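Consider the single chain below, provided in structure tokens and representing the form predicted alone.
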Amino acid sequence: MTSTPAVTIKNLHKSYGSNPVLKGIDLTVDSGQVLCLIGPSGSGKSTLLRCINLLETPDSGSIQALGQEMTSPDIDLDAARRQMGMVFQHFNLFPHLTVLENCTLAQRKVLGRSAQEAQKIALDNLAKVGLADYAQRKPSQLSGGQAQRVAIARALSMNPSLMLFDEPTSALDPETVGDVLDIMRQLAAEGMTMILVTHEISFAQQVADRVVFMADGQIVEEGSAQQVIGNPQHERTKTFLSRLLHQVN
């Protein structure tokens, strides 16, 4: 793990109308680090994640990601986003395309790869997520867990330096969650820089280098997984984790 930050966020604010969602967020993510964002619904976690690649436009503050000042008016947004993979809660696969076509389209259109090169890279990544045999299927022929693994393969096929995951397992059946988490564990072990919004606390404990607990648009507590999850100091963190543990049991 290097000491060069992959993402640096300073005094980030975002409101929807009169509703402030992010209230002065400061956050640094080092290259090769796995950061998990946890907290109650409505705490601003997904908005923070989506601000990093400007799917949401901040009101003020600065975001530096992979050497680019994302909040600069001169940003080449397409070029900056090429370095970032994003996996959403609901897969966002094109239903009329096959699995393979879903994984090659952006490679050809955005990166300018030949059909042959794009196909090879896509098949390699589908094999990585255990779905090489599903290349000719349509998304409607996949389970939720399989569709999410295809979404990860599609993102990886763009050779990103940073992966953003927005609650990637929350829409899945419990029995398919493990398959997706296994892929993410593998990526973490390979040194991929990852920022995850997740409710999978046990996964965060096992994989995260750092955990950030958010509530009411602010960072309440941050530190190692052992610190934040194993020995939380703030009352809000303690309450959230105890409720989550109670739901699991």
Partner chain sequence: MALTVRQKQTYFRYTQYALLAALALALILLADWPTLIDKAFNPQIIAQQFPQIITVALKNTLIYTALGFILGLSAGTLLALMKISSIAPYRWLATAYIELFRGLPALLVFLAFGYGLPLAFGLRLDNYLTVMLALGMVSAAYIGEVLRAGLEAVPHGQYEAARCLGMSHSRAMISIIIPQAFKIVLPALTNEVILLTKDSSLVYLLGMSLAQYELTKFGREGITTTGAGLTPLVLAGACYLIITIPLGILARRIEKKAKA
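What you see is a predicted model; the values in this text were computed from it and never measured. Positions refer to the first chain, counted from 1.
One more form of this protein, predicted together with the partner chain, exists but is not displayed; see below.
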Heavy atom within 4.5 Å of the partner chain in the predicted complex: which of Ile75, Val110, Ala171, Ala132? Val110
Does Gln64 make contact with the partner chain in the predicted complex, using a 4.5 Å heavy atom cut-off? no
Residue contact check: Lys128 to the partner chain in the predicted complex, 4.5 Å heavy atom: no
Give a yes or no for Met84: in the predicted complex, does one of its heavy atoms lie within 4.5 Å of a heavy atom belonging to the partner chain? yes
Wondering, does His199 line up within 4.5 Å of the partner chain in the predicted complex on heavy atoms? no
Contact check for Gly191, Arg210 and Phe213 against the partner chain in the predicted complex, heavy atom at 4.5 Å: no
Of 114-122, 173-181, 142-150, 86-94, which is the one stretch near the partner chain in the predicted complex, taking non-hydrogen atoms within 4.5 angstroms as near? 86-94
Taking the partner chain in the predicted complex, which residues of 34-53 have any heavy atom within 4.5 Å of it? Arg50, Asn53
